[in-house]
Structures are given as C-alpha cells and as structure tokens.
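Just the one chain here, laid out as structure tokens, in the form predicted alone.
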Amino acid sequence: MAEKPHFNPHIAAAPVYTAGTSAEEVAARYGVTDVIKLASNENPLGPSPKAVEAIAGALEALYRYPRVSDDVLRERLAAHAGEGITPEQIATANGGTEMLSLIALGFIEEGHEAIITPPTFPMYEILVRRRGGHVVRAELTSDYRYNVEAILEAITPRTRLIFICSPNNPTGTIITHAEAERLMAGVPGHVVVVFDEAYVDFVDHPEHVRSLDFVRQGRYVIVVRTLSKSYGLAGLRVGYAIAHPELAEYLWRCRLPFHLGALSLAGALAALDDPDHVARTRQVVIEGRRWLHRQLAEMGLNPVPSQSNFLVFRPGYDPQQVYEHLLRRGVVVRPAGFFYMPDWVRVTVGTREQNERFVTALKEVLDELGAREAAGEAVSRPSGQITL
C-alpha cells in the first residue's frame, strides 16, 4: 500500500458535529411541501428587515475584501454590552462556535484539561479533543442545575478552561449569579472560565448570572455571545467575546484575517440598530416557551423548565423513532443523544402556529406508537445511548 499522509490523531479521533436536519432535506426525502424546522434554535421571526436591507445594499461590493479591522462593530457591541465595557474588551469571530474554537486554540495544549458540565453543548468536548486536551466532566444535578462544588473539585493543575453554558443547551437551565460567585471565588488564576451566553436574550429569571460583572471587575473570564439567535443572523455567522482586554487581544491574535465577510459586517451593524426586533423575538419566545411547557407537561412528558428558546422532553419512546415519525408529518425536531441526553428530544420554540402544529403532530405520533404497542407490534423504547 502506498504511504499515506500523517493525520493529527487528535483531530482524526474527535467526534464530528452533526447539525439538525434541514427543511429542504425533509421535503426531498418525504415529499412534504410544508416543513417547519424546530431543530436548531433559530429565530422564529427571522432577521431584522433592517439587516436584510443592509445586506442587499452590500452585494455590489462583494468583489472587494472586507475590512480587516472590525473597529466599528466592536464599538457598537461594547456600547450594547453597557457601561464599563470598551471596544478593547471585544473580540469578534465567524459565529459563536468559531469563538469557542479560538478559545480552545489559545488555551488548550496537549495534556491540558477542560471542565464541561454535561448534558451540555457538545462542541466544547469536540474542540478540546481536537487540541489533544482531556475533557473532565462535572455533570449537572438530577434537576439539571450546575453543581458548583463538583466543578471546583474537578480542577487540577492541568485545568485551563471551564465551560459554563447559561442558558444551557440542551436543558435551558441557568447558573445563578450566587452560584457563579461561589465558582469564581474558588477558581485559581491559571483557569479561564468561559460563560457561553448564546441564548441570554431569552432569560427572564431575575437570578441569572451577571457575567459582565466579572469582566468589569477585571477577572479572567470570557463571555461568548452571538447574533445568531435573538438577532436571527445564524446564516451570517457573527459571534463575539467580551473579556479582559488582555484576553480579548489574545483572541484577536488567534483569528484569521478577513474573518468576517462584508455581508456579515453590514448585517450585524444594521441588526444592532433594531432593538425592537429583538424585543419582539423575546416576547414571542417567552410566551411560546410557557405555552409549550404547559402542553408537554399536560402530556406527561416531563419538560425541563427552560430559560432559552427551546425545551427538552422525554417522549417515552425511542427519540429517534419519534423524530422520524415527526419528519413524515413535516415537523423537524432534534433527538438529544448528541447532547448527552439519550432519552430526550429538544424542540425549538416557534411561532404560535408552528408550536400548535408541533403539539398536534407529537400527539398523533405518540398515539400511533401507543396503539401499535398495544396491538403487540415491536415499538422501540429509549436506548440510553449517547451518540457523541
């Protein structure tokens, strides 16, 4: 056999992220013409019309490279973050996930450790393992709250990062400010705490962590946010970090030149000019979240109380089977095994019409599976297998 190239074993062995099924794929596979996608936590109202207009206006300049400097965007993001945050404390990236990748690149070397709190966003583990780092798990409690003592006990001299996702994906639960203060009080100086707040605009809990307080205090934390969710710009890929100026400058060194395209820059600036669109999105999500939680609870499906734009529930049958049956009805959700919850399904909060259609379809699926089981047919129950 001919000699083969050498592959980095850490990258070759790391899991590959699996995205939610697209509406186009479902339409092609099942011939469904009206598909609703409630799988990827996207904005139910779409992007701001102001952003769409700005993007259209930038199309003629696509033959030019975008500005390497993102000074204007960082100024606007700093102003959006509030008093005490300066542009020097902002670093931008091609989506929040790229910012997480830059953090892993900057702080994880072979043999280093990072603490994650499953069930949580799987990219933390994937990115650390790509760097040759070791993932240490301090799991959430039985009611999906952060176990601060377990996190602190997991810290070693090799620990470099702690990932705190709040609201957490996929549970929608949060870390409170009091819990975060206990955590920060026990974290040694060689460890950077990463607060991933992709869904922070959907929080209405008064005790949610005020992560920017730690930044203003000069602590070595990194707060990661995105314009993908509440701003509806998932397709443009604009994420950013708010951190100590030294950390922000370091993350800037980790990125590539021209890391944000011209359309992304134009759309982001215009979206930040439309706070009313974010407010409308927040209202639709919070009202829809409460309604969906009631419906799922009345069905006996044990949804976890969420502070995000999604909920997880336990359908009682194999989540993959429930997912496939919903696909045939033109409804796309997300089995949560990839998110360390093998018996659960995650559903994004949509518009009221979409939410009602999902609930109707889910009831039909569960009734069908129940009838088949009662008739003696083989129906799959949860496997308990994590798919990461």
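The structure displayed is predicted, hence computed values, not measured ones. Note that residue numbering begins at 1 and tracks the sequence as displayed.
Form predicted together with a small molecule: not shown, discussed below.
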Practice item. May I ask you to choose, among Tyr146, Phe313, Tyr124, Tyr231, the residue with a heavy atom within 4.5 Å of the small molecule in the predicted bound form? Key: Tyr124
Review point. Of Thr226, Ser211, Thr117, Ser306, which residue is found within 4.5 angstroms of the small molecule in the predicted bound form when only non-hydrogen atoms are counted?
Key: Thr226
Review point. Any chance all of Asp318, Trp344 and Val345 sit within 4.5 Å of the small molecule in the predicted bound form, going by non-hydrogen atoms?
Key: no
Review point. So in the predicted bound form, does Thr97 come within 4.5 Å of the small molecule, heavy atom to heavy atom?
Key: yes
Review point. Does Arg237 reach the small molecule in the predicted bound form, with heavy atoms at most 4.5 Å apart?
Key: yes
Review point. Would Phe163 count as a contact of the small molecule in the predicted bound form, using a 4.5 angstroms cut-off between non-hydrogen atoms?
Key: no
Point to revise | Distance check, Ala91 to the small molecule in the predicted bound form, heavy atom within 4.5 Å | key: no
Study note, to complete from the structure: Counting only non-hydrogen atoms, the one stretch of 76-84, 297-305, 165-173, 106-114 within 4.5 angstroms of the small molecule in the predicted bound form is 165-173
